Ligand code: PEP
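In the form predicted alone, a lone chain appears below as structure tokens.
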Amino acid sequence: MSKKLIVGNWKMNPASLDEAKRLSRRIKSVASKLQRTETVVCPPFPFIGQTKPKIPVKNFDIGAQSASIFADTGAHTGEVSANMLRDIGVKYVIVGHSEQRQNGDTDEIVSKRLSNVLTQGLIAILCVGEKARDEAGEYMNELKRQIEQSLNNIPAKMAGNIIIAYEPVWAIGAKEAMLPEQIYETSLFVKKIFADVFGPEYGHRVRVLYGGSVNFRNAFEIMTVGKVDGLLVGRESVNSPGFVELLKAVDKIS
């Protein structure tokens, strides 16, 4: 049975390198003692090199929050390529986060980022999620289109390096997370669409994470009732005490 996966997306936090180092050290210390859980933290680009362990740490990896749509070096000011990330030891890359989608990333752009990440042999955490839920169920069509178009032109041989992070936009930063029962239903739907794209064998194997107002208080129920393979954690991931408690709570799940 594969381990559960907890991904901490630090976004544009913390404010200083010293804070980033302290946070990383604390998380590494706890992650190394976990038995059933893998931990990935995704700091801002400038902090990746300083927070990545010099020697491997059990159950702990560094990820990146995005990668460029450009595959090659060149006149791309401000861009960071998947190749560069791989070269400094990054293993996981978040692709298509809702905040980037809101800032202009279309499914076509997300697909290009995804392709570059996978081509470099990295593990992509592809974020998908509807903006709102409606009684007519149109949100399911929106989610289906988003998954299919984001996976457009991705060969099946690369499907094994894709993790889907389901993050309903309406639940991000909300007072409460999505109901665990709804999370379970939607995760099954996500796996079905993934299977439709790549084949049943990939649909069974793909890992689905949940993201959206996750904290140490609700993580256990989301994991057990929602039956997801892990969590994508935002604001709680830079709250050291809360994130540590979240990791410990998830690790209790057998």
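It should be emphasised that the depicted structure is a prediction, and the values quoted were computed from it without experimental measurement. In case it trips you up, residue 1 is the first one in the sequence shown, and so on.
In what follows, reference is made to the form predicted together with phosphoenolpyruvate, a form of this protein that is not presented.
Highlighted residues 125, 148 and 207: none comes within 4.5 Å of phosphoenolpyruvate in the model of the complex, counting any heavy atom. Of the candidate stretches 140-148, 91-99, 109-117, 70-78, only 91-99 contains residues with a heavy atom within 4.5 Å of phosphoenolpyruvate in the model of the complex. When phosphoenolpyruvate is considered in the model of the complex, only one residue from 51, 65, 213, 187 comes within 4.5 Å through any heavy atom, namely 213. The contact with phosphoenolpyruvate in the model of the complex, taken as any heavy atom within 4.5 Å, belongs to 172 out of 178, 162, 154, 172.
Using a 4.5 angstroms limit between non-hydrogen atoms, residue 21 is distant from phosphoenolpyruvate in the model of the complex.
Shown here without phosphoenolpyruvate, the chain has only 167 in 132-170 lying with a heavy atom within 4.5 Å of that partner in the model of the complex.
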